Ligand code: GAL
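First, one chain by itself in structure tokens, the form predicted alone.
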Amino acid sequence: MKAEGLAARPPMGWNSWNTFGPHINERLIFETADRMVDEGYLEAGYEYLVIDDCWSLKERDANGRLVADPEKFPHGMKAVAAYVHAKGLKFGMYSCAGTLTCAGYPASFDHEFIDAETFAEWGVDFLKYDFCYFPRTADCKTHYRRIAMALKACRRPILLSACNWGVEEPWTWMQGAGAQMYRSTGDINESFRSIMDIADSQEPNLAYNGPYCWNDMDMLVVGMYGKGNVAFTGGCTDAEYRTHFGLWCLFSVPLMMGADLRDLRAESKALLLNKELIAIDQDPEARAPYRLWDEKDGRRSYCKHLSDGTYVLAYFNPSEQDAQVNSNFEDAGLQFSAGYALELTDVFTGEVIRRTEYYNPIVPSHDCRIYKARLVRR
């Protein structure tokens, strides 16, 4: 595969940070790779397995190269990559544009080319590139261009996940810099407020999102239930996870799982493997949804065009009580006189509903209703 062919659709995979933070090791990666294959995640499209921060020693070697921590990864990163590749997965790692990583390990500022060469030699397919400890006098855009150039110099297709938190509005320039995805927000945490704040902040920027350069709204917290590195006490509910995953899929952004796949509840596994929602996220046209209706308490409905001539109708209720969420099909372009109705299929239950002018479901608090819709003659 040529580098320019990377990320034709939103990348999907798993990242170690949300649950494990610094507590990573070779065994965890091997066991996660096993689960991704054996339990259907790879088949569903989750192909990248990414090790985040805290994988290296605190000092470079005598040749200026990064060194994997031998206690955490006794067989070395090349062996870890080989195991991941043998499973049919792609292998990802982490570095940072600054002088140190966010956890205080050596980063790639002014070491871009030697680090890219090291990653390529190890068999890396994905590089998450963070933004901590970036010198105030340095230029953000230049350094993301530099790491993209360094990766391409290796002649190995390595996806660049540029994680600069939205600094200098990366949606306006990161495509030209050579990245395949870019973080547009601060870090997510496992709270409903964090999920909704991120979604609301990025909705205006979705017009910049598309093939080969995707708006990354951060990794998924689905299935954490209050356990892990970015968890809050009590975590989120299944309804809140549905809203989280539903919004990310509706917005056609990367889907990077963050829960412990070795200990995942059936409800979360079913959500992460929901074929209808994944198909919405991976739709090749990646059209941004638009709002049909909204209220001051956050209730809103959306319509999204899909490449097969169908649509998505999605209803979200982030308010604190069960409530009706409205839509008027006239606002989507379907007037009553056209002689058509919309046939709606619930992506969670498979229930089929036919409506002519509007559909205003009662949606539980913090939950959603999402439908695949097609035009039918009345």
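Numbers follow the displayed sequence, beginning with 1. Remember, it's a predicted structure, so these values are computed and weren't measured experimentally.
The form predicted together with this ligand is left out here; the points below concern that form.
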* Structure fact -> Of V222, C163, I147, M256, the only residue with a heavy atom within 4.5 Å of this ligand in the predicted complex is C163
* Asked: Since exactly one of L306, A103, M196, A120 fits, which has a heavy atom within 4.5 Å of this ligand in the predicted complex?
  -> A103
* Asked: Quick one: is I278 in contact with this ligand in the predicted complex, heavy atoms, 4.5 Å cut-off?
  -> no
* Indicate whether this ligand has at least one heavy atom within 4.5 Å of a heavy atom of H244 in the predicted complex. => no
* Answer for E26 alone: is it within 4.5 Å of this ligand in the predicted complex, judged on heavy atom distances? => no
* Contact label in the predicted complex: Y359 to this ligand, heavy atom within 4.5 Å -> no
* If you check in the predicted complex, do V312, D331 and Y371 all have a non-hydrogen atom within 4.5 Å of this ligand? -> no
* Structure fact -> Among 288-296, 256-264, 81-89, 179-187, the stretch whose residues bring a heavy atom within 4.5 Å of this ligand in the predicted complex is 179-187
* **this ligand in the predicted complex - contacting residues of 14-30, heavy atom within 4.5 Å** => W17
